[in-house]
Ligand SMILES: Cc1cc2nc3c(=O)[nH]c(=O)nc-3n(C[C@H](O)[C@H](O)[C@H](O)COP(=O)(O)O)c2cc1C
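Here we start with a single chain on its own, the form predicted alone, put down as structure tokens.
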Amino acid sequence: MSQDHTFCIAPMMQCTDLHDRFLMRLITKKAFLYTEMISSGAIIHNKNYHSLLYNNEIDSPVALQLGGSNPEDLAKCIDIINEYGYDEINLNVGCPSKRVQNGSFGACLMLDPKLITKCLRSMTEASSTPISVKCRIGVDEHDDYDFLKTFVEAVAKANVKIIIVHARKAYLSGLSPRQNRSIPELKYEVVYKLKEDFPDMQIIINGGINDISSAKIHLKYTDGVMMGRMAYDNPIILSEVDSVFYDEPLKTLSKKNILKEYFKFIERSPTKHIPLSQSLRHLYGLNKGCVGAKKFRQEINNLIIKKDLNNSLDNLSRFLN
């Protein structure tokens, strides 16, 4: 079943875990969410990672992002992931980190279109859930439009119809993953051209989208937009998403009620075993740019040190604006 990708929130390592997605879902019911990337090896060989696969109805619509390059292993992963009820499974073909390169996946996969087709075919054959790809517009010196077009043609051969394109090329050496998110030049027109040449595919644009107004502009040329770090650093920016992009009545929880519901979620299964240092850090941006923001962050740090949420909700709420 085709999903609505009008507004998506990017997969981000050490960010878009279960807690963060719950926080975002309190603010927007419609945005399409993505998990942080999980490697195929972790899913197949380390059952401890299966706790990361947990999904629930309040999280939907949500996609799981998978990293890997072995067609057989990816098919095995799909068999495991199918049990968790995700709305989409996304293959990461855009991450430039050394660790990911050492596993022969991520952005370096864009250099091997034949392997991409094999990987995606194994995934589509194993899954009744839609498969998507997240990529860059190029890799190192391979940054002309024909290179990107050839890659997308390889994706289409596997009957995959959803491509999320970060409108920067990736540098496999010389830049850190963080630098790769900001230093390479943004070329939105390349993604717009891709939509013109592949009208039957869903093309979602990603990269440098930091506000609602610019997202609306991109939707004139693409099927969807994906916001990344801004959504994580300042989650309240998402409070307009449902009304602006999905014609829903403007209806938002107060920050204090968001905090209250989030605390309830921390305290109940299956998340209560997760350290507070991991679950509370997603709240840092809840009061971003407001009076009391610094004291709010300091109080979160105090809770992490104390490792105790008892009687802390009212104290933390008083710093919210």
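Each residue number is its position in the shown sequence, starting from 1. Quantities reported herein were computed from a predicted structural model and do not represent experimental measurements.
Only in words, not in the display: the form predicted in complex with this ligand, which the text now covers.
Trainee: Using a 4.5 Å heavy atom cut-off, indicate which stretch of 202 to 210, 145 to 153, 241 to 249, 75 to 83 touches this ligand in the model of the complex.
Mentor: Careful reading of the contacts points to 202 to 210.
Trainee: I'd like to know if residue 287 sits close to this ligand in the model of the complex, meaning any non-hydrogen atom pair within 4.5 angstroms.
Mentor: No, residue 287 sits far enough from this ligand in the model of the complex that none of its heavy atoms falls within 4.5 Å.
Trainee: Although this ligand is absent from this view, report whether residue 92 comes within 4.5 Å of it in the model of the complex, heavy atoms only.
Mentor: Flag for residue 92 set to yes.
Trainee: Taking 4.5 angstroms as the cut-off for heavy atoms, does residue 300 touch this ligand in the model of the complex?
Mentor: Residue 300: no, not in contact with this ligand in the model of the complex.
Trainee: Wondering, does residue 40 line up within 4.5 Å of this ligand in the model of the complex on heavy atoms?
Mentor: So residue 40 does not count as contacting this ligand.
Trainee: State yes only if every one of 19, 235 and 282 has a non-hydrogen atom within 4.5 Å of this ligand in the model of the complex; otherwise state no.
Mentor: No, the candidate spot makes no contact with this ligand.
Trainee: Which one, 195, 121, 229, 187, lies within 4.5 Å of this ligand in the model of the complex by heavy atoms?
Mentor: Only one option qualifies, and that one is 229.
Trainee: Using a 4.5 Å heavy atom cutoff, which residues in 7 to 42 contact this ligand in the model of the complex? It's fine if the answer is none.
Mentor: Result: 10, 11, 12, 13, 15, 36, 37.
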